[in-house]
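One chain comes next, on its own, written out as structure tokens in the form predicted on its own.
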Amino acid sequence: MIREELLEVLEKDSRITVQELSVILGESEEVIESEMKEMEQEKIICGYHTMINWDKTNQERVTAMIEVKVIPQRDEGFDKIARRIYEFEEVSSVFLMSGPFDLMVIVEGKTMKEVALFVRERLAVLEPVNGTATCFVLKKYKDNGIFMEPRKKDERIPVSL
């Protein structure tokens, strides 16, 4: 039970201190630290990330979602090609998915041209890859549960009858 509660709190704010977690969850700091360490070793907790809204910086970045159709490999299924794809530096995420395509590959680059070159020269030429479809992210409104811009207050006037 403690694990699930701990994971839910950490997923919302990975910067929360062990002391704050202890108070929220009603457990000792030692128990919290022990649970976190175990979950890190078990790869339940795989990392701690900072969400950055790159649109508010001067740094040019583009994100693309690339659907990839592949031929599964004998005795390896989709795992072998997925491993090969996620080793590319440009790739931030790879997901096995249902539907007309097999993998969803999230790629980040400085420009659309840079991402297009990656797809054309490195991804699409892999032997098991049978087709790709690339979509560029134009704006992020919400990412990993985080609103990228403050939500506007409801300015409607309450009416009662």
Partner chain sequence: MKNFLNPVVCDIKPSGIRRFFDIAAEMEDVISLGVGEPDFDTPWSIRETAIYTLEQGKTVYTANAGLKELRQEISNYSIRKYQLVYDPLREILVTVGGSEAIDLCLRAILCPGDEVLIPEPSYVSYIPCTILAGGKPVGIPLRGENDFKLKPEDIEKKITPKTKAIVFPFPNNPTGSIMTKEDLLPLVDIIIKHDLLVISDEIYAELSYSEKPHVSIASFPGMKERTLVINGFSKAFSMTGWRLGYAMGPESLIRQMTKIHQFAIMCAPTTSQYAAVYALKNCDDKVESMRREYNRRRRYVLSRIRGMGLDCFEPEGAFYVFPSIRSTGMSSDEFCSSLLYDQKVAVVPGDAFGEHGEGYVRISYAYSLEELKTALDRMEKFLQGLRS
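Residue numbers count along the first chain shown, from 1. Since we're looking at a predicted model, the values are computed, not measured.
Keep in mind that the form predicted together with its partner chain is missing from the display, and what follows is about it.
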Its partner chain in the predicted complex: contacting segment from 41 to 49, 23 to 31, 94 to 102, 55 to 63, heavy atom within 4.5 Å:
23 to 31
My question is simply whether Met148 lines the interface with its partner chain in the predicted complex - judged by any non-hydrogen atom within 4.5 Å.
no
Using a 4.5 Å heavy atom cut-off, state whether Arg15 contacts its partner chain in the predicted complex.
no
Taking its partner chain as it sits in the predicted complex, is Lys152 in contact with it (heavy atom to heavy atom, 4.5 Å or less)?
yes
Listed by sequence position, which residues of 136 to 161 have a non-hydrogen atom within 4.5 angstroms of its partner chain in the predicted complex?
Arg151, Lys152, Asp154, Arg156, Ile157, Pro158, Val159, Ser160, Leu161
